[in-house]
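The chain below stands alone and is given in structure tokens; this is the form predicted alone.
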């Protein structure tokens, strides 16, 4: 094998602190490194080992009204059938080179289904969920178990589960998808497989509660017939009425002088796997936060990234050096180690709860599993 004549390694002799003194010998050494595809640490340590995370992503906000308008336009011109695999439109962080990634590890997309449409069955190793900010009349079918979807519902789905969607309503419906696509792509671990082209008639008629809810959806109770932990939650729907009640109770406890909130005026719950008590998915954490009107959360930051969607209310979000006013449906990104604070400006006219409700998902389980998680502050990152 001959010498490499066009090495991707390029090393420059520089006259700078903490660098070797420039010389002809150093230049010759660097040319040898280039030929043999070697990179000395002393030329890269500032980038490879910075004092704190420097995310490739940047804070950004996507407006729900704009997403809905474009999704509706796509619904009229783009088919949802086999091949394109979903009418899903991904958020592309402006600093990630046009890739369909909200952050370096997280995918977020608006999915749009027209009346009477089926999204055909498939499965993938990527862990996923659906979160519904508005609308109903659509259900997902996971492992042939029909699961109705409604406003405020959180519907997780562990990797490699067969799933399809159906819209039985007389109007379109949109929701957000969250997946760990960028993480699995970067680690070269992803698989994908097509399933049935159509779902059965039985799967087009959904009960009020899915089979998974009838088996697993009883607080503090688990079926003896299914012992042992499962890596992803077997409960396929976490209903808004339960989430709303938990958040309301936390704030009422606080008002009575009892502990329960993460900070004054800030209630939060985490969706959990009933077989382990841990996160619903191995790579994704999901939470709902309620911030009472007039309250501003303490600045917080964490290793790993998050995507938030405003479920209800209005407020001002500050991520790093950027601030936005947000309202129902808007999505925003918090990159790794960027400080976040939120001020609630919600009112009964724009929020059913009278507070600012935020849905959040993050990649925290990945970093906790690797003992790399770190956080500061007492705001929504906790």
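Whichever C-alpha set is largest while still superposing within 1.5 Å between the two forms counts as the rigid core. Computed from a predicted model, the values in this text were never measured in an experiment. Residue numbers count along the first chain shown, from 1.
One more form of this protein should be noted, the form predicted in complex with a further copy of the same chain, which is absent from this view; the next part is about it.
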Verify the flagged residues 135, 203 and 322 against a further copy of the same chain in the predicted bound form: is each one within 4.5 Å by a non-hydrogen atom? no
Heavy atoms within 4.5 Å of a further copy of the same chain in the predicted bound form: which stretch among 307 to 315, 292 to 300, 167 to 175, 253 to 261? 253 to 261
Against a further copy of the same chain in the predicted bound form, would residue 130 count as a contact residue? Criterion: heavy atoms within 4.5 Å. no
Quick one: is residue 67 in contact with a further copy of the same chain in the predicted bound form, heavy atoms, 4.5 Å cut-off? yes
In the predicted bound form, does residue 140 have a heavy atom within 4.5 Å of a further copy of the same chain? no
Residue 328, heavy atom within 4.5 angstroms of a further copy of the same chain in the predicted bound form: no
Out of 320 to 339, which residues reach within 4.5 Å of a further copy of the same chain in the predicted bound form, heavy atoms considered? 336, 337
Core-aligned CA displacement of residue 62 at least 2 Å between this form and the one not shown: no
For residue 33, does the CA position differ by 2 Å or more between this form and the one not shown when the superposition is done on the rigid core? yes
Comparing between this form and the one not shown on the rigid core: C-alpha of residue 14 shifted by 2 Å or more? yes
